[in-house]
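Take a look at this single chain, the form predicted alone, given in structure tokens.
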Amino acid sequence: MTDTRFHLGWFTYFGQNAWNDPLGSAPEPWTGDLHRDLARSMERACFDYMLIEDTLSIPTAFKHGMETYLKHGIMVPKHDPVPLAAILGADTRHLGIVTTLSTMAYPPFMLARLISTMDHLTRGRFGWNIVTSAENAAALNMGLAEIPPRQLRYDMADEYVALVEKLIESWEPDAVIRDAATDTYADASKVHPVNFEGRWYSAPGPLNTVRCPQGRPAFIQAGGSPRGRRFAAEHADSVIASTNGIAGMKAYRDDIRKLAGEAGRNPDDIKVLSLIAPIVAETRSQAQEMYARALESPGYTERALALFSSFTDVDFSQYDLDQPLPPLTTNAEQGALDKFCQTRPGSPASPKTLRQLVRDSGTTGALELVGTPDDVADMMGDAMAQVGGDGFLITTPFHRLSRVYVNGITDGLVPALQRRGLTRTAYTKTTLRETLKEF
């Protein structure tokens, strides 16, 4: 019998959010208490993982400065997600904890050591969300003269990940023997130098941490451009899909599976999770009112444009709100730009005006999911049946996080999905990679 269940992940970040909303995040969320509550809720609902996004600079794309971002608290401030992940790992027993770590920010040896350590601290539930960083300001903060071109960033990331994998594998699974009779902790013949010499990175190794509980942590990636998709298909255990509509979701997943097969991987080993932001309420009219009220809130358009400018490094303030955008390309996140503009790579400009695109981007997800928990559960189940798998990555609509929203998902929507047999009701596996491959 075919398993019709699909996977669920949650997407958030360790930063200020909805600071001026009475139902938003705490005034100073830096203690981690909010995220600890979120992680417990995610685990109660049997999510696969909670992913903490990160960036390395204050954005300056919108109106060529920081003022709008600081005024509204958009993408700033952000604190380092790794210490938070350690706390969340200690608070949970089954939920995967994924943090975003940039290949631009760490020497490969240090990153390999860090994620190996985190996998031990979480007892095999850690994941690395692999990013190359797309902001020029981030490159400057890391001491570079400018950010490399997107294609080159992926070429460098291929080599970076190859070195990280070799370092993590430098200890054989049975290298630690703890033999009191011979006074031997580890068998030196089973700990191997890697002697890696690449075009951009090198390290003799071996790693000075013991082998990870998972063998290696789970790898997560969100490739949007053709080159990014190939990178994701070659390396990731789970891929984040930021697409529009059921047709877009299916085309993306089919492409990732094809590329994975061409890379010699089993496509079933990769779980593609489509980004969604459901709005659920007790009645359909209440959900629709919540959606409309958020779109009409003061400053919404400017906040949305500034946010998408930060992702794409395109200053949307220069364009007329009531005119279509011209064809656009970027050295930053091309996939995010294509999604916002509702185009595909190389396609003509969208006929919609910028104001319409802002309104359409309100929930940031692949589907407009607004209604009661049962309504939304039915829509998600129907979409997954048409796409073929593998699940959804849920985020907050309008980037305004609150406990009320989270509880509506974990205690309203998820039980509706479980009643339909669409998501798990209990964890059966030990590590994150095993949980991702459960079905």
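As the structure is a computational prediction, the values presented were derived from the model and not from experiment. Counting begins at 1, following the sequence as shown.
Not pictured, yet referred to below: the form predicted together with a small molecule.
K.L.:
Would you mind picking the one in Tyr291, Phe196, Tyr154, Phe219 that has a heavy atom within 4.5 Å of the small molecule in the model of the complex?
P.N.:
Contact residue from the list: Tyr154.
K.L.:
Going by heavy atom distances of 4.5 angstroms or less, which of Leu393, Val387, Ala45, Ala61 would be at the interface with the small molecule in the model of the complex?
P.N.:
Of Leu393, Val387, Ala45, Ala61, the residue with a heavy atom within 4.5 Å of the small molecule in the model of the complex is Leu393.
K.L.:
Each of Thr100, Arg150 and Glu333 within 4.5 Å of the small molecule in the model of the complex, by any heavy atom, yes or no?
P.N.:
All of them do, each having a heavy atom within 4.5 Å of the partner.
K.L.:
Taking 4.5 angstroms as the heavy atom distance cut-off, pick the stretch from 404-412, 31-39, 49-57, 368-376 that is near the small molecule in the model of the complex.
P.N.:
It is 49-57 that comes within 4.5 Å of the partner.
K.L.:
Would you classify Ala203 as touching the small molecule in the model of the complex, given a 4.5 Å non-hydrogen atom cut-off?
P.N.:
No, Ala203 stays farther than 4.5 Å from the small molecule in the model of the complex.
K.L.:
Can you check whether Ala304 is within 4.5 Å of the small molecule in the model of the complex, heavy atom basis?
P.N.:
Flag for Ala304 set to no.
K.L.:
Just to confirm, Ala241 within 4.5 Å of the small molecule in the model of the complex by heavy atoms?
P.N.:
Yes, Ala241 is a contact residue.
K.L.:
Mark Ser310 yes when one of its heavy atoms lies within 4.5 Å of a heavy atom of the small molecule in the model of the complex, and no otherwise.
P.N.:
Judged by the heavy-atom cut-off of 4.5 Å, Ser310 is well away from the small molecule in the model of the complex.
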